[in-house]
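The structure tokens that follow cover one protein chain in two forms, given apart as structure 1 and structure 2.
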Structure 1
């Protein structure tokens, strides 16, 4: 009789201990939901990817980081020096840094990484294009010898796309690098990755070299991060509300009020880096006529959209760049704003006359076009408003909805006419990315390939000797693109996030352009 009793006590003790361990483990875990525009990233390979997500920036450190004021700070590089003529950069590297697989981070590793980056000749190769060669000065000093001055080099090096990979594993794993395994020097290492579903990261226990913007340089205070991919914003909100997740990395304006109703949930905002717009396919009739493109662009009432769809949170957009960038300061005549009188006049001039049902006709054919969007609720709602605004000037747009993770592949067909989409970037080179003539389909959804634009693009990307020249060149390039109406700007949101305040303690300040590595190092899970 005694043995069963003792066994029962032992079982109870083990169960209690297991429960305590489970509770302690839960206190060290947090579950995040990716922004919808990050859903479907197929790889964590920053060299070859055209799309990366927030988790990427936790796996890979960069040589430099960016503060909230967009200045550059030390990270894997302790300091740097640019030659007066811009033809070389010398970086002094932090010592004692290792990759997740134990390989040392040093000058030889940086040289091998840059050479791999350039050799891949992927979509991101332009970021290192101006680096002619890399010289190892000593074990912790590296010099980039330039083929031309590159005023944007520090920005490129701070980008997630230039996360510093471990060269030996990159070569050994080939196409599996970033899918089955991936090794950086970041505060977290990859545990598992299911494309389109979730990513699990585990704390790098050896990490003590966080960016200057973080109060905690490492290890991170949270042991395990799960990033779920939920393409529907309302579904993600319900998960947050019911405790299935702890943090939404993006909250659309129409859900902010719902978050604020919940006593245990809180909103976190940062200045926006995103821009919503309507790409116009310049190769598809009727939009091969610039008058039709301008008419469609000027049918969009940005102020109405800001108020009705986004509740006044954020700002209207009238160029392709976020207003914080100096290259957005184009001539007033190039800015694209709501002008229904001009839109109607252009459609009349092009021979499209208003029909009895409010749809314009030409040669007996109605002015009907396709309008693509993605499946999450805020995109559908915005697209319906855009559809109504187009109809007000006589353009009937039929909405086609694609799953958020699949729409990029659809763009590659080049069959779109109009669409509603967004990007998240805080550098003027996004104009090159979305309107470069060698990237038709995706990311150049507008299929824009204009000889004068290409000349201006070359000057913007490679023709500047210093930052001031680069700003001037990009402003001219951006301004010309706007005058050709391959898109209509719509909206600039704030970065709005939501979290369970009973579970998570936010850093007192986030000195970074986005909720990234610095914020994750300072984030705490409440006991």
Structure 2
């Protein structure tokens, strides 16, 4: 009689243990909703993709990572050294790293990857354009021989587009790489991918080489991540509210209040990489007169906008770059801040006198200008406030709204006078992108083409041998552009995310510019 009893007891405890394991496994899952601007990324091939999502950054590690202050930290490269003349970079690679398919990560793999990257000749190739060749120094040391100094190399290497792919499978899989199968060295490997719908990642159990800014270097604490793609923000919010998903990687400003109303939901914010501004077309009268540009720029009350339109979340912008960038540290005199007295004085000086209806006049003509914006609700709301602020100094701005997907072509006509725009970028080369004299119309909406700026631009883009020089050159370029008032900086939003606080425990600190690989390593599921 004892034997069957023991057998029963044994099988019962085995079942119980199995059940507990199953429950633990279920608890180690989390469902994320991709940011709306990442919906529809068609492939996980970083070399050829035109857009990539957050999951890509978990499949592929990079040689270097970026911390919250935008400085560079070791990742797959343990350390690096730039030659004094900028003509070579030597990277010492971490040992014991393997790809998801078991292939070793070493100097030969890095060489093969860079060669594939350059050979693809796609839109991303410019990131490795300055690398002339890669030399294998020893098994875990590579040297990038440069065709010209590229102080921006570390920035490029930290980009998701330069996620280190496994070269053998990349060649063998051809066009299927990134669609059906994909191999990196990341903390998670691809389990399944349905374009526009869902991506499932599984924990890489061998992972112990997490980036420096993560507290946990691996393996990740969550076993399975599901990334859903939901194009409608309100649908995504209802999924979070009903427990269908655990985390929204983007939350629009108008849903923050809704999230805060729910007791089990919480908001997570990180410093943003976005900046809102008002470009001023320097070629269109009356803004061909720098006094009017300065007046319009100084009529913008950034603090009022921060409080009234964005509920105090985020920060005001008083330069053209996000505050985290060292190149944003320009001279105090170059910063553009609200100064209605100065704006009014400049307009008076330029001969525009205040008319009876609050609109300034010159030679009997009212100071009427156009103000372009795009159809998204937040743009319209902000533009109306900007319109009211311009009116306060006697500039009457008439708003024209364009569809977001078509406004770029409208800018190419060069007919705009003022506009409200935003960009999302964390590198000073955005100044070159929006104010380069050979990109008039779009992206250079301000139609700014100034000989001195072009000189400073060349120095900033290609004249520096190392990163300190690049920072100095870009700061000088940025500072000069600000003094010419081709735009008015307005606002720097936060990155806003939302999660189910009953289900997930956030890392105590996220020392990264975005909720990426480091944060996912430290993330925990509670239940």
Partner chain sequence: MIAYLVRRILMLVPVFLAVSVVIFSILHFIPGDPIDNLLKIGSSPEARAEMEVRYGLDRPLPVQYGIWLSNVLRGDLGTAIVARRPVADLIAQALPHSLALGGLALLFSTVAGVGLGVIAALNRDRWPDRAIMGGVLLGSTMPSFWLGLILMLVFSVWLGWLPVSGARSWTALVLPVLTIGLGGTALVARITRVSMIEASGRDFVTLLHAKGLSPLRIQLGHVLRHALIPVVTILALRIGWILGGAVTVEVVFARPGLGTLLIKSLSQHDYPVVQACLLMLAMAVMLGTLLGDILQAVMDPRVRAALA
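The term rigid core refers to the maximal set of C-alpha atoms that superpose within 1.5 Å between the two forms. What you see is a predicted model; the values in this text were computed from it and never measured. Positions refer to the first chain, counted from 1.
**Student:** With each form of the chain shown alone, which structure should be assigned as the form predicted together with its partner chain?
**Tutor:** Answer 2, the form predicted together with its partner chain.
**Student:** Does residue 452 shift between structures 1 and 2 by 2 angstroms or more at the C-alpha, the core having been superposed?
**Tutor:** Passes the 2 Å threshold, so yes.
**Student:** After superposition on the rigid core, does the Cα atom of residue 139 shift by at least 2 Å between structures 1 and 2?
**Tutor:** No, because once the rigid core is superposed, the C-alpha of residue 139 moves less than 2 Å between structures 1 and 2.
**Student:** Comparing the forms between structures 1 and 2, say how many degrees the smaller rigid part turns relative to the larger part.
**Tutor:** Here the smaller part turns by 32 degrees.
**Student:** To one decimal place, what C-alpha displacement in Å is found for residue 274 between structures 1 and 2 with the rigid core superposed?
**Tutor:** So the C-alpha of residue 274 has moved 3.0 Å between structures 1 and 2.
**Student:** Superpose the two forms on the rigid core, then give the C-alpha shift of residue 326 between structures 1 and 2 in Å.
**Tutor:** Spelling it out: core superposed, C-alpha of residue 326 shifted, distance 5.8 Å.
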